[in-house]
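Next up, structure tokens for two forms of one chain, structure 1 and then structure 2.
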Structure 1
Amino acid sequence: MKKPLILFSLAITIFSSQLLFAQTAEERGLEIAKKQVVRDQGWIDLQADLEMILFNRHGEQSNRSNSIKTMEVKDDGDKSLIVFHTPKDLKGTAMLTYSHAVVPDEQWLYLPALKRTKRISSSNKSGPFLGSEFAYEDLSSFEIEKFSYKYIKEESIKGRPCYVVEYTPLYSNSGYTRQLAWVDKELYHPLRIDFYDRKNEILKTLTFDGYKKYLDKIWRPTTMDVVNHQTGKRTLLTWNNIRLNTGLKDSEFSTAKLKTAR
């Protein structure tokens, strides 16, 4: 009866040496994601103006302009405040989100015509943001615990060598089975993400462009262009007037202050 024990210990040796010397694809994916998060830390807060152009399949446009304030929260998801400027019927509408890694986000909507702040469910993650091709989950903060990871391969995009990593959402109510991200090998930010729907068919491609460096270390894109392969619709999101570490206070991200946000 000694043989199986030997086999068993042999198996352990092989397994642990794999751990030591050869990473699994999952471990490598996780490592890349962790580096992504570490590289993006320390922006403290951000203010910007967002311009969205929504194209339907006939190329007809409609515009959305918003202003956004976000704040880094230690060991948790970011807090964000978006105030809508156009379309004009939505002017003054404001959305406050406390995003979390695993538990559901907290979200409130201020409706200026009624002077009413409504707590809303954040579980419509796959729903479109303001009728655009961006789902709420595409715009929420990137937290390690939200996905499981798998390294796929290396591939260059526009001359930039990238890691291709598969993200599988671990949070409930995602509209995706998986996302395929092209992460810049040197700078560790995404250049492209392909989204696969619940039937695991390609749904959208999001392309990041015009990365600029802020605070000497934080890279942020100027444009995010998402094309829906199934409907032919497209949304171009442009970040204007990006400012980091502007000294925003936590108190600005409160439901009471939502009424006077601008």
Structure 2
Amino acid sequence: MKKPLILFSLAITIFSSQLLFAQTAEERGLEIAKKQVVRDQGWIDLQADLEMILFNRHGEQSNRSNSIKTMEVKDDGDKSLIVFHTPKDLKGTAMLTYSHAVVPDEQWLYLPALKRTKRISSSNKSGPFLGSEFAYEDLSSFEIEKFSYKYIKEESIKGRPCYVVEYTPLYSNSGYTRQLAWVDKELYHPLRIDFYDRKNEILKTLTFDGYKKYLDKIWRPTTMDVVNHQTGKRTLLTWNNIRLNTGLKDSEFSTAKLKTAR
């Protein structure tokens, strides 16, 4: 006669446990974002050669080559340095970024034609980076504190199951009201990001492809393809000769080195 009571009590316990551990969409989104960060730690530094192809709305293209150095910074965002090698009118142009978690990112652009270094103000970071479909703010590292998060749904891309998470920028002067990111459920790296402009209309889509594994734990894409839905323009970025943990020094990421960066 006591079995129904025992079963009822067990059901109540299970139901209470489910309520206790139930997550809101915001909590689940934040949890996914935190796992992204954890999975992408420990690479120390990175160097790579980049090929950037800019397509106009008619499909005509212009090619650029540059190189990049990035370095992890403990308890802060990454530092990165991009240097252009071609075409001739951009040769020697260098972009230095200090990403931060809480305070605004710092960015400097060296223009060899003017022989001067220009600091990029916070109000200009939503603008296009040297005519590409990447904005200046896209060049900074992904930091948890920069966004609020919301889990939306699950959806597959090219056969890879993904979490779809909404990122809402918390920093002022962002060119985006929100981003929708498709995050690989197994490996926790992004496969696609949709960017919405200040009118909350779809602006562009960034897709990541050709992921390769380094140091037995770090994944990096070999292509990043940005399509602007409003202008019809596109930028394809191809990563070559990727090397991690190469021994870069903090002194290599200084404004003083921009004029001589190679």
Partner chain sequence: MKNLFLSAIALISFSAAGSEFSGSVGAEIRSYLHESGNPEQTNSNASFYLQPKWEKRFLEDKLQFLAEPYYRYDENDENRSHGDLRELFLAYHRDTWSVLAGVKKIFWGVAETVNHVDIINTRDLADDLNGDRKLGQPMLKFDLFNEWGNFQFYTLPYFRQPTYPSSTSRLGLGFDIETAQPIYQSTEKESHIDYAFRWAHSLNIVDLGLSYFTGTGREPILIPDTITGKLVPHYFLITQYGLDFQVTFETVLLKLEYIERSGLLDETYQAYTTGFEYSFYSLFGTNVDVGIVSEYVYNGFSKASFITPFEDDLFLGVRVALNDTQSSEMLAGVFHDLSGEGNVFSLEASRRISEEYKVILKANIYHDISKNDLILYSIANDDNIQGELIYYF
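Each residue is numbered by where it sits in the sequence of structure 1, with counting from 1. We call the rigid core whatever largest set of C-alpha positions still superposes within 1.5 Å between the two forms. Computed from a predicted model, the values in this text were never measured in an experiment.
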Quick one, which of these two is the form predicted on its own? 2
Given a superposition on the rigid core, I'd like a yes or no on whether Ser132 shifts its C-alpha by 2 Å or more between structures 1 and 2. no
Shift in angstrom of the Ser123 C-alpha between structures 1 and 2, rigid core held fixed, comes out at 4.0
